[in-house]
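This document starts with one chain, in the form predicted alone, laid out as structure tokens.
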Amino acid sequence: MTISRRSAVLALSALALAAGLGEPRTASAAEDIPVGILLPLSGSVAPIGINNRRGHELAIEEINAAGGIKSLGGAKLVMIDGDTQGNPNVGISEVEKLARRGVVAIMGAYQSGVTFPTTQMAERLRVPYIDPVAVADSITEGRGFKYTFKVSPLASWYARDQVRFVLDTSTAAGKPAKSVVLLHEDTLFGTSTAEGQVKAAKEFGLEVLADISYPKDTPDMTSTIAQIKELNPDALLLVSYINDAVLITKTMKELGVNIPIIGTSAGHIDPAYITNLGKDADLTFTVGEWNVDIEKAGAAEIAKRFEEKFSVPMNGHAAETYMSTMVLRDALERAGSTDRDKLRDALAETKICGDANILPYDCIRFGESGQSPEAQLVVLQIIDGVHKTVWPAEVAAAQPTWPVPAWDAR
């Protein structure tokens, strides 16, 4: 090591110690354990961020009511909020603030475009980071990170299952789909998912008539939807946050476009989609991470407690944030410490299986990249204002309506 390099390292170490980041934090018996919750709590996607936070809140309330972290003398978890405002730079700053406040781990940040850089900062600061919801493959793949753990499926898996669903359902209806149009917002979430959709469509033999990107929170979609109407695909694969999802559906109705919508969770799974559109939300499809009608022991009761507490149904994102908090609880119990490195090691050994996992697959665990390899998806359709699981057949609670009728016949 040269003198200049050594000086730089010493200077960085001094800064870290001054910020309270250099020494591992170990809780004494029954000492509160601060947990960073990093979400967009203001801005255009705040409704989804707030709903994601509810999953964390319910889980922490239940963990504390059951005696807290028993290996740490019954220590209680305390949520410390960081508001990203939906902005990557703000998110990075919030990670630094949360680390200085001594959080043992961070859970967030919903948007892939915010999660990607904030996981990088957490890695630099050696703070364990659990990603419950953000889907971009690049969050975990090829980075060699040791402190990032991703509960959510990869974006490419969403695309794969959207395409499989379109083919399975259209074939069962007697008119196999041959073409799709891709419509997605232009942040990392949209672009990474669309890349997966293009690959999946090619793999399964669907023609992509157009791959259309638009700026998130665009104020008008008229010309875009008119273009899609002219192309007349067999299905429209969407990647949209809540404001865009609502606007696109309204515009489709206005222009009389009766193409099946298959969303990619996000705006189409949010309760606000149904609240804003009312009956017009009906028959929309979306890939989802979970649904209350999937039969796993305890899931329906958890969903009931969620709705009683927050007066909205529990959705897939909230189920993921709930289970991610249970992943943190499990790791803290096994680590018996809030030392961040010991907690990281415990997270790497996570294995929560069977009925202990309410998500629609057997085990939450983490591979070498930090990705949960068993994560899988279902497809939901809004029927009479309620998301119903319609695919795959082995977990379906209702039959899908395909093709969708004209707006005035719904």
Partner chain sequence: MSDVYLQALISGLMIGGVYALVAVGLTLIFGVMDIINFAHGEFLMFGMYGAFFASVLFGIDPYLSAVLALPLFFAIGWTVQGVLIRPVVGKSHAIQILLTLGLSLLMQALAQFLFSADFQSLKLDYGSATFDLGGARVSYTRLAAFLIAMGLCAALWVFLQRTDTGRALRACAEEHEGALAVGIDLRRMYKIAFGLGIACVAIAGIAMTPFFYVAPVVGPKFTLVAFVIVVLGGLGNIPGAVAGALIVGVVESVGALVMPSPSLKDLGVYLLFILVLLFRPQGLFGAKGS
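Heads up, when I say rigid core I mean the largest set of C-alphas that superpose within 1.5 Å between the two forms. Positions refer to the first chain, counted from 1. Treat the numbers as computed from the prediction; the structure is a model and nothing was measured.
One more form of this protein exists, namely the form predicted together with its partner chain; it is left out here, but the text below deals with it.
Go through 68-76, 274-282, 143-151, 319-327 and give me the stretch that gets within 4.5 Å of its partner chain in the model of the complex, heavy atoms only. So the stretch in question is 274-282.
Just to confirm, with a 4.5 Å cut-off on non-hydrogen atoms, which of Lys229, Lys178, Arg101, Arg305 contacts its partner chain in the model of the complex? Among Lys229, Lys178, Arg101, Arg305, a heavy atom within 4.5 Å of its partner chain in the model of the complex occurs only for Lys229.
Exactly one of Glu207, Asp186, Glu333, Glu295 has a non-hydrogen atom within 4.5 Å of its partner chain in the model of the complex; which residue is it? When its partner chain is considered in the model of the complex, the option within 4.5 Å is Asp186.
Are all three residues Asp217, Asp220 and Ile242 in contact with its partner chain in the model of the complex, where contact means a non-hydrogen atom within 4.5 Å? Affirmative, all three are within 4.5 Å.
May I ask you to state whether Thr224 is within 4.5 Å of its partner chain in the model of the complex, using heavy atom distances? Close contact exists here: in the model of the complex, Thr224 approaches its partner chain to within 4.5 Å, heavy atoms only.
Is Ile80 near its partner chain? Define near as a heavy atom within 4.5 Å, in the model of the complex. Judged by the heavy-atom cut-off of 4.5 Å, Ile80 is well away from its partner chain in the model of the complex.
Check whether Ala300 has any heavy atom within 4.5 Å of a heavy atom of its partner chain in the model of the complex, and answer yes or no. Ala300: no, not in contact with its partner chain in the model of the complex.
Do Ile212 and its partner chain come within 4.5 Å of each other in the model of the complex, heavy atoms counted? Contact check for Ile212: yes, within 4.5 Å of its partner chain in the model of the complex.
By the 2 angstroms cut-off, has the C-alpha of Arg340 moved between the shown form and the other one once the rigid core is superposed? It does not reach a 2 Å shift.
Taking the rigid core as the frame, does Lys146 move its C-alpha by 2 Å or more between the shown form and the other one? Stays below the 2 Å threshold, so no.
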